[in-house]
Structures are given as C-alpha cells and as structure tokens.
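Presented as structure tokens, the chain that follows is alone, the form predicted on its own.
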Amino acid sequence: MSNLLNRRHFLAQMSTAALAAGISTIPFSSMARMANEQKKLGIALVGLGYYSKDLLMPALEQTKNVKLVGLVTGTPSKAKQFGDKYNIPKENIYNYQNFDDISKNPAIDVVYIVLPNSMHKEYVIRAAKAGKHVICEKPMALNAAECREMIAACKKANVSLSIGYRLHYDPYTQRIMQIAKEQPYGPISIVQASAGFRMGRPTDHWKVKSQYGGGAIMDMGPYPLQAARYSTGMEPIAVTAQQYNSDPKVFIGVDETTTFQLEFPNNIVANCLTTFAANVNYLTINAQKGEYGLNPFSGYSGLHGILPNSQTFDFPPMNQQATQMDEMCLSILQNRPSPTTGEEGLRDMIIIDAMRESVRKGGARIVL
C-alpha cells in the first residue's frame, strides 16, 4: 500500500506548515477535506471491457475511499482513449506482458480484475505477488481448486482479496439478509430465484466459449445461487442440477440454461434457474406468514421489494459499484476483512462444482 498519512498526523503537519508560512489558521473543513483526499487508495482496472468502461470507471468518479489511477489493457487504442479521458499518467498504464511491473508503482494500491473467468486465477496471483490488494469479479475462478490457490497467494502476500458481489452492498439485498436473520414472517420453506437474459446467438463472445469459462452458470448463475444462500442465511447441504441447450452448435461445452435445486437445513428448498435464453430476474421467498422478495433482484438499478399483505419497500437510488468499491477499500484502510472475501467466492464455486458433477451424473443428488 502507498504511504497513506493518518488523519491526525496529516492535520498536524498542515497546521505546522501554515504557521511556518505565516498563516494564522487554515479552516478545519479544508484540512479535513485534504486529509480525506490523502486517504483515497489508488486503483487500477485490469481489463477494459463493458463492465470497466461503462460502469466501474463512472462509479470511480463518485467514490470517497478510492480513485482511478491505473489501467491494464491489451488494446493500445483503449489505453489511449481511457488514459486521456481519465487523465491517467502513462507510467500507470500497463499491458498483460508488463503487468508485473505494477509492483514498482506506489501510486497503485489495489487492482480490480475484470477479465474473462479463465484469467481470474492468473491475474489475482500475479497481483498478489506484486504486493497489491485485489478485487476480483465473480465468479471467482473456474473451480474451487483455483479459488484455494488464489486465497493462499493473497494470504502469503498479506494482501486483501475481495470478490465483486456488488449486491451485498445494496440495501435491498441487505434487507433480505436482515429478514432471514430476524424471521418476522416465520420460518422459510421455499426460495425461488432466477436470473438470465436473452443473449441471442453471439458465437464469437467469450461467454459462450468453454476455454474462457463461459456458460450461463458461470455468468448469471452466481446471482440465484447467492440469493438462495443470503435469503436463508444458511449453506446448502445437497444439490441437484440439469442443463439445457437449444442450439448445441453455439453452446459447445457450456450451458445455455441451468436449473438447480438446493437443499438446506430445516427442510428448506431453493429452486433456481440461470439462462441465456430468456429475460428473467426475481427472488421469491415463501415463509410461514407470507411471501416476500425482490423483483427484479439483481439489476444495477430499479430493484423493488415485495412484502406479505401487498406491502412493498424501496430505497433511494444508489450506485452499487461505487458503494462496493468504497466499502472494500475502507476495509483495507481499516485493516479488516472485506465484506465479501475470497472465502465467500470459494463457497459458491464448491457448489457450482457440485452442480457440474450432478449434471454429469444425469441430475444426481450431490451431498455438499
């Protein structure tokens, strides 16, 4: 991490400098603002696809604890375009060949891995060896074994590892988590969650290529899987899964649609679906005293809460990505675990591995 001044020491230095310059006082608000600016961590985005350029970059203009200072891309035109747009110094722009030189750059504290799934493990480990804190997009890796390697590398390097579960930082999801904990509507019996979009037939997109870790279960699948876990506050004890492809010529070695069923303690069941064949997005939780949930539940905006007896709940608009990065970086500044650690990503991948095993065995029940 770069040499960040703590607030008290910074304010003391500013007061001393003011006296030395013959200035009687500097407004406290101005000193506080400058201290806060010193606290911001520098982040580099690794991969400049849609999510980085259209969502993360604009979000970083709203963050309080982190600022965009670096870029990593294999496309020179993107390096120039976004380097110019966000005033990124040339020495803070890297490609995939010289990425490891980031270790020599004290301006960069955190790297955010926004690459195809098959590249997550490599770049998380390289970032950790470079001494940088890491945020990695979901899904964490191709399988649980890779997740364990990534966690071990970050622990060895003594750097933070966060997984991009943005919904954990959204008040709608937090409300569902609170209900799971307090159970005001009685015990939960059934959870239903679906997340998907109509992709069409983009045969050249990495999300339909097995070598890049494509497929619906790896792209949209973590949303219903996470929803089943956080809406119950429990970990599943068994899983069954089925996969369907309407066009095997496009979806080669990956799934277009996966349905899966999770068994939880206390006889709770979750029926889930993820797909590239339809626009679906809802979370419904059946409890003893009624039905509640979110519809939609995993969008970037426009979420809506539903409670029993035709009641609803909504929150003011917020930027999920800005809030997520602020909270993750605040945990680094405060030297505490991220709200969404590598272990959280590992738990999902253990279940996804079991889903794949179930599919291979014709929908067999796999005990977790």
Ligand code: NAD
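All values reported here derive from a predicted model rather than from experimental measurement. Numbering starts at 1 and follows the sequence shown.
There is another form of the same protein, the form predicted together with this ligand; it is not shown, and what comes next is about it.
For the residues Lys121, Arg229, His168, Lys207, the 4.5 Å heavy atom test against this ligand in the model of the complex is passed only by Lys207. Checked against this ligand in the model of the complex, the residues Pro184, Gly83, Gly131, Pro116 give one hit for a heavy atom within 4.5 Å, which is Pro116. In the model of the complex, Asp219 approaches this ligand with a heavy atom inside 4.5 Å.
This ligand in the model of the complex is approached by Tyr51, whose closest heavy atom lies within 4.5 angstroms of it. When this ligand is considered in the model of the complex, Glu137 lines it closely, a heavy atom lying within 4.5 Å. At the 4.5 Å threshold, heavy atoms of Pro236 stay clear of this ligand in the model of the complex, well away from it. Contact annotation for the candidate site: Arg175, Phe260 and Gly345 all lie away from this ligand in the model of the complex (no heavy atom within 4.5 Å).
The stretch among 86-94, 175-183, 247-255, 137-145 whose residues place heavy atoms within 4.5 Å of this ligand in the model of the complex is 137-145. Looking at 288-311, the one residue that comes within 4.5 Å of this ligand in the model of the complex, counting any heavy atom, is Tyr300.
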